[in-house]
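Okay, so here's just one chain, in structure tokens, the form predicted on its own.
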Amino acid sequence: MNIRLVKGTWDSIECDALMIPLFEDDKDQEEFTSTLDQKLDGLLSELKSTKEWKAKLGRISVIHRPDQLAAGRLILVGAGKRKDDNTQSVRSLMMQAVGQVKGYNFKRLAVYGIGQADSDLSFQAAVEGAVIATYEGDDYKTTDRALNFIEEILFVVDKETAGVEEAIKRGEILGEATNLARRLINEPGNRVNPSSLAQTATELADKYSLEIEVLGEPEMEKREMGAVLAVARGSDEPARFIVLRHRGAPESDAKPIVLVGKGVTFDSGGLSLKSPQSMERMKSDKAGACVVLAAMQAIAQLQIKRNIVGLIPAVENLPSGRALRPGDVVRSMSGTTIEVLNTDAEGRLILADALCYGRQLEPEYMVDVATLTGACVIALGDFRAGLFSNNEEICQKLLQASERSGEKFWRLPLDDEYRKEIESSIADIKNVGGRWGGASIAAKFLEEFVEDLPWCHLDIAGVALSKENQGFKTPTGFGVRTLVEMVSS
């Protein structure tokens, strides 16, 4: 799909459909809506008087063959109340509107009226929303696949606006990266395993000029990455440890930023077997890895002037005669011994080695992303991700990035009291604690392998999938845009 900026008058743009957002209560639009009503020979006033048109958020009305417009159709889009107008509402508006009309046979869609305030960010958000709306997630259907006829979207402006073209390009890159994460998360376990995920990373590295190193199990054994290898032991699929590097800093010796993504390509729970219902969605347990992989693609495309390393420990967690047993003790890369009481708490084990590896790179800071705990879902639902941090400055940096990305986080505690929950009688620590406060206990476990390095942990278990389509869940790609915004600042 091609996206571009066009300078011209809204009524002269030749396209299959012209999309115009209208607010419920905005007096600033009175002059424009009056002109629009005249162009429609009073039709807008008539629609309003009969209550056929209301500018409720996300509502659309298609007007066919508007005589005084060059567009084949006029699509009025409800933008809600002006007081609620912000970049997130713009993004959501475009997602809803494009999602509703992409199945119509409109090949060229034009959009006018975006970016009245904070222009650059509004345009970026609008493009992100439009691109994200094109993903459907039905790749394996042979019939009744969702239609997307849109080939080109034009964003129309009356006058030159500094920075808008760059904002549109950035929005396109971030939208495409988000959809990449969504596609990869949605791939079933028989299609994506640790080896194929590493192959995908290699192909992206080649395409976008990233450096890549993929460690196999022999290399991991040399580095004594005992926690990753212990989790992988139950599967016939060998583990992979993916290292992606973007060298963008002008100074070659500049400290990197390290992004870590949990890559469990399928999680059965191991010998601590999940229930069948809980297991149905566990192809998505690689969401953190997919988010980091997609973020690295966007970082390379945007040519961000920082050194950034993406780390992905990739495993399958399955039961077998070789599988990790409850009660086993494993030695992590840092030398810390871990009593494994629950093999379904495997994500923190593979992240332990990844965080240790990342710490040895002496980075400026680290961020890990993981579908880590059901406890975080209980605490925050599917509206916000859990945020844990040992550093106030880095925490605020991430929260500011989330404001720009529209992805919502809530900071949860990382108090020292939670450390007592992972004390073990036979090893340095154990991988689970008591029933309560599970998200904070898991974060406290991870902190053991970070030590005093500035770090944020993002628990995306509740937001990696969204409730849609009568109860079916689809991937969101949550975290991609926040990571890119964070490392860009």
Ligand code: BES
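What you see is a predicted model, and the numbers here were worked out from it, not measured in a lab. Note that residue numbering begins at 1 and tracks the sequence as displayed.
There is also a form predicted in complex with the named molecule; it is not shown, and the following applies to it.
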Point to revise | Joint contact, Asp267, Thr371 and Ala375 to the named molecule in the predicted complex, by non-hydrogen atom at 4.5 Å | key: yes
Check your understanding: So which stretch, 144 to 152, 122 to 130, 354 to 362, 276 to 284, is the one near the named molecule in the predicted complex (non-hydrogen atoms, 4.5 Å)?
Key -> 276 to 284
Review point. At the 4.5 Å heavy atom threshold, is Ala345 in contact with the named molecule in the predicted complex?
Key: yes
Exercise for review: State yes or no: in the predicted complex, is some non-hydrogen atom of Ala443 no more than 4.5 angstroms from a non-hydrogen atom of the named molecule?
Suggested key: no
Point to revise | Touches the named molecule in the predicted complex: Arg240 (any heavy atom, 4.5 Å) | key: no
Practice item. Verify the contact flag for Arg182: yes if a non-hydrogen atom of it lies within 4.5 Å of a non-hydrogen atom of the named molecule in the predicted complex, no if not. Key: no
Practice item. Let me know the one among Leu69, Val432, Leu453, Cys456 whose heavy atoms come within 4.5 Å of the named molecule in the predicted complex, would you? Key: Val432
